[in-house]
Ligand code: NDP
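The chain below stands alone, shown as structure tokens; this is the form predicted on its own.
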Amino acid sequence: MIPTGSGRVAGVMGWPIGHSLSPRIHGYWLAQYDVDGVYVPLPVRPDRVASALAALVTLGFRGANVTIPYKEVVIPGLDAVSDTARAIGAVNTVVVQDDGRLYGTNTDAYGFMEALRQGAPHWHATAGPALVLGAGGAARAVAHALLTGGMPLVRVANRDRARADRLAADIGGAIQTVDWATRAGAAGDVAVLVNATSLGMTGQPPLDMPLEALNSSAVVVDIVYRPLETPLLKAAQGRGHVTVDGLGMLLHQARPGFAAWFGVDPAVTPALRAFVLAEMRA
């Protein structure tokens, strides 16, 4: 559909913004569901974040995604923040409510769980503990998702143990931190292993994660999606593990925002994955 003057408008706010795949994801859904609307990149300079948030209301936007480096910066400029975003400490989705108030939430936890369920349909939260590698924003979202999803225990290993301890204190619940040096042994009884670091990403150092102690039934997840098949996933596949790549989390985390802004709950399909992968390979 060609947008009309009454079409809905949303976008993605970041600096820089050219790397974002969000316009391609939402543009695909807008076309698929014949929605009268547009989704645009919003390059916002660091000194203009507050005014950019206010402009969403002034310009009639339905809302926006928030990406690096503003997921924490935007919080003071919002009128209300979801409990999930508070627990994770970051906002990635802003909705302009009917009264003009700005509501922020975080859909990364939702996106991770939906991707895990889609990629490993046999997996169940009560199957055993999890081991999450990392303690940054992504790891916080993953740990929160696993705990609220019903996992009995989430272990967190990070190169900086103090940062992992802060994650555990902020999120609360059944989180146990372990030294990075003991990560291989800490994976011995887990039902799911998650790399939530940037290690293994294109241009970053490799992830050194021995898998010898890992239970054969454990699911291995890497939230990195560049490359799509990381060395961790290749090693896990070689041992017969079910694996879940990082693209699913990216696609599923976009769904709640699209539903709030454009009124349609979109589906993550093989055709969407192929459409986004074509852009990544280009």
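Here the structure is a predicted model, which means the values were calculated and not measured. Don't overthink the numbering: it's just position in the shown sequence, from 1.
Omitted here: the form predicted together with the named molecule. The next part is about that form.
- Taking the partner from elsewhere, no residue among His26, Phe258 and Leu277 has a non-hydrogen atom within 4.5 angstroms of the named molecule in the model of the complex.
- Segments offered: 82-90, 158-166, 145-153, 95-103. Contacting the named molecule in the model of the complex at heavy atom distances within 4.5 Å is 158-166.
- A residue is said to contact a partner when one of its heavy atoms sits within 4.5 Å of a partner heavy atom; Val44 fails this definition for the named molecule in the model of the complex, lying far away.
- A residue is said to contact a partner when one of its heavy atoms sits within 4.5 Å of a partner heavy atom; Leu131 fails this definition for the named molecule in the model of the complex, lying far away.
- In the model of the complex, the named molecule sits within 4.5 Å of a heavy atom belonging to Trp180.
- For the chain shown alone, Gly136 is a contact residue for the named molecule in the model of the complex, at least one non-hydrogen atom being within 4.5 angstroms.
- The partner is absent here, but in the model of the complex a heavy atom of Leu250, alone among Val35, Val244, Ala236, Leu250, sits within 4.5 Å of the named molecule.
- With the partner omitted here, the residue from Ala191, Met113, Ala120, Leu199 that has a non-hydrogen atom within 4.5 angstroms of the named molecule in the model of the complex is Leu199.
- Contacts between stretch 74-88 and the named molecule, counted in the model of the complex as any heavy atom lying within 4.5 Å, involve no residue at all.
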